[in-house]
Structures are given as C-alpha cells and as structure tokens.
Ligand code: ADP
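Just the one chain here, laid out as structure tokens, in the form predicted alone.
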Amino acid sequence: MSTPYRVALTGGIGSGKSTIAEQFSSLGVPIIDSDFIAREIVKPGQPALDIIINVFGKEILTENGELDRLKLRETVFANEPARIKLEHILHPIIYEEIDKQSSEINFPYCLIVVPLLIETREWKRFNRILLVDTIEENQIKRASIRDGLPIETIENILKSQASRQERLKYVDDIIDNNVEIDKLGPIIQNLHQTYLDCSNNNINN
C-alpha cells in the first residue's frame, strides 16, 4: 500500500483546527491528530511518561499517577528551556507515530493536524500545508472556553508559537476562520477536491 498524499493542518492555539478537521472528516478524509497522539504516549506505562518524570519530577503527576497536563503546560510555557526539553522528548515519538498511521491509510490523502509544524521545522514531511488563520482575540476566547486555561497561560503559549507572518512563509493554503463555520463549507469542499487532484497527480508523476 502506498503512502497517501499528506496534508498538514496547522495553526495556533484556539485557531479552530479541530473544527476544520471535523469538516474534512465528514467528507470521508482520514484524520491523524498529533494532539491525540501526544495524549496517548504519556499515559501511565508509556516510556514517554517515564522520561518526562525523570526530567520534570513526580510533581507533574496527579494523585492517580497520571500526567497532570495542566500543571505541565503551565510549567513549560512559563519556562522556555523546560518547553524545549519537553518538545525534544515528545516530538520524535509523535512524528514516528504519524508516519506509522499514515502508512496504514487507504485513501487518496489524509489530513494531519500538527499545531507546532512550523515551530518544529518539520514541514518537509508533508506534501502540502493548510493554515487555519484567525485573529488573536478569537484564539484567546476559544482556548479559554475550551481548556479553561488562565489568560496568562494562553498568552504565554501564543508567545511561544510562530507568528502569523512566520507561518505564512511555509503554507500552501489558508482558511480564514474569523467567520461562521457554516460559511466555510464551500471553501473546505474546494480544498478537498484540490487535495484529491493533487493526490492523483502525485501518483501519476
């Protein structure tokens, strides 16, 4: 089985990546979510969790021995060296799992949600890059409602992520997510057809 055409879906925190991915999924497109992978690989008994404990201490665990994701997030986004250490632990494992899952897909293309694609400088792994773009005010509001994070933590996360200008240097397509979701249907349908065509061209070349 050949590897499908790989489209990376990226964007900052609260930009609406999950909502856009759901729209593609409704068209039958396989979705690989790196955030879901990141949660799976730090479950109790997984090697990544043991490494994180060795680096950050048992203080980042809950009483049940699970990773306290909120505490870890607040820790690393207030301390850049700590964030870099965590990324060096997780990112190689995440990309290995992405490669494994994409190799098992039987569809012309797959959408791979990678929030930190530009930050990790891994864009060459993908055939095409789709950016979900929105204003910072919307990002803060959505992340606050979704994750219940303090505004300060969200702002620290935003500071650690690539700027809009930096992302625009590497992307092929942009979805402006400052509008109502029902207005995005035709845009997503057109992109879906584009990716199907690109996949077909990729196979024939």
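Computed from a predicted model, the values in this text were never measured in an experiment. From 1 onward, residues are counted along the sequence shown.
Keep in mind the form predicted in complex with the ligand is missing from the figure; the text below concerns it.
(message) Is residue 13 part of the interface with the ligand in the predicted bound form - any heavy atom within 4.5 Å?
(response) Judged by the heavy-atom cut-off of 4.5 Å, residue 13 is in contact with the ligand in the predicted bound form.
(message) Taking the ligand as it sits in the predicted bound form, is residue 159 in contact with it (heavy atom to heavy atom, 4.5 Å or less)?
(response) No, residue 159 sits far enough from the ligand in the predicted bound form that none of its heavy atoms falls within 4.5 Å.
(request) Spell out, yes or no, whether the shortest heavy atom distance between residue 181 and the ligand in the predicted bound form is within 4.5 Å. (result) Result yes; residue 181 sits at the interface with the ligand in the predicted bound form.
(message) Taking any heavy atom pair closer than or equal to 4.5 Å as contact, tell me whether residue 18 reaches the ligand in the predicted bound form.
(response) Contact with the ligand, yes.
(message) If contact means a heavy atom within 4.5 Å, which one of 45-53, 66-74, 139-147, 164-172 is the stretch that engages the ligand in the predicted bound form?
(response) Within 4.5 Å of the partner lies stretch 139-147.
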